[in-house]
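Before any questions on how it binds or moves, here is one chain, the form predicted on its own, in structure tokens.
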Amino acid sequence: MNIQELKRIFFNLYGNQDQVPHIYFAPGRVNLIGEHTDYNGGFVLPCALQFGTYLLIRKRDDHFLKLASTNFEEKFEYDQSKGYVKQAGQWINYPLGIFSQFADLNVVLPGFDMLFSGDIPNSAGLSSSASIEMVMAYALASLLNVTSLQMTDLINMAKRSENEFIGLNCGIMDMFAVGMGSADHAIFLNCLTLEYKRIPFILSGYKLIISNTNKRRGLADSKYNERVNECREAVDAIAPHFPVKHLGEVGFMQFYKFQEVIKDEKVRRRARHVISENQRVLNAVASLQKNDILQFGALMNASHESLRDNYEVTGIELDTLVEESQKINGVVGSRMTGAGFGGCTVSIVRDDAVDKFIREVGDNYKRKTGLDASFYIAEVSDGPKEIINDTL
């Protein structure tokens, strides 16, 4: 990202070059394995990425928020004295939700000039929303010197904003992965207890490649909330026979003992995915600790099969990308990542197969779906930071 160009845009928008803005960055994330387990109190294994959201921000002398983005044409001026109200279908809801969280803590909020710029593909499932929320929360805590807020507090603020302000019943994984990111490490997180451990994730001889279906999806309008409700139905069916509040608390073998109490076959398949996926995360962590990338890749493949057949959140685009990826010699594993219904896949590809992977998967995907896929070689990144002297 060209920081000098972002500064030029900022000053063109807001003037007054004598007052230099602060610059902050928060990464996006990709989930390596553990999909749709987070809101079920299960295990996940995400990592932060070098792609993310930049925020140039400067205090104003009034209470107005001025917001612009290099990614969207709409610009906004928002009067904080009127409170914080969700704007229909607008990107500013993500920063506004964070402002509302700080207001709930009785933090005095001045006005700000803001320019956001992200290099995360929009609607790709790499958590552009969590990246925006976390860069906003980190910036406000820093600029307003709210020293009582730790990173875990900012993560929880971002989750509450998604749940209460945005209206999406998501879990905590996205914000946690963004906030706690560490270079060359994945984050093994228990979403129920928030216990976590950083697991070395060093792909010597391999690349992590994210493939974007370029199928647009509106997550809040998708079947995401429907899956959340189906998982609650499964818990309600199991609970009279086995004391449980979340599917993530049910062990793999326990499920096969109690699964018949879930009378609805579709709901049973949803639960089967969550509980088997939870076990796959545990196995994946063990694989990484032994540096067994081939076993890790096999678990990725199995994860996609369950997401396709049991959870039904893939679709022709994601399935085609995964099928074509798995045909390439040198691909050890490939799966959808994120909420599904479009978005991205994540693949581990041997260095000498990367060019062939991008060429052949791209060509075959275009032939079968009519869409052009985009490919990104990902690097595992640290969490939010302030950019000093225009360098990361």
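Start at 1 and count along the sequence shown; that's the residue number. Since the model is a prediction, treat every value here as computed from it, not as a measurement.
A second form of this protein, the form predicted in complex with ligand GLA, is not displayed here; the remarks below concern that form.
*Asks:* Quick check for you: of 349 to 357, 321 to 329, 54 to 62, 334 to 342, which stretch puts a non-hydrogen atom within 4.5 Å of ligand GLA in the model of the complex?
*Replies:* Selected stretch: 334 to 342.
*Asks:* Please identify the residue among V281, C170, I209, I262 with any heavy atom within 4.5 Å of ligand GLA in the model of the complex.
*Replies:* By the 4.5 Å heavy-atom cutoff, the listed residue in contact is C170.
*Asks:* With ligand GLA left out of view, which of F188, Y224, W91, F99 would have a heavy atom within 4.5 Å of it in the model of the complex?
*Replies:* Checking each option against ligand GLA in the model of the complex, the one that comes within 4.5 Å is Y224.
*Asks:* Does ligand GLA come within 4.5 Å of any heavy atom of Y365 in the model of the complex?
*Replies:* Outside the cut-off, so no.
*Asks:* Would P46 show up as a contact with ligand GLA in the model of the complex if we use heavy atoms at 4.5 Å?
*Replies:* No, no contact at 4.5 Å.
*Asks:* Wondering, does G34 line up within 4.5 Å of ligand GLA in the model of the complex on heavy atoms?
*Replies:* Yes, G34 lies within 4.5 Å of ligand GLA in the model of the complex.
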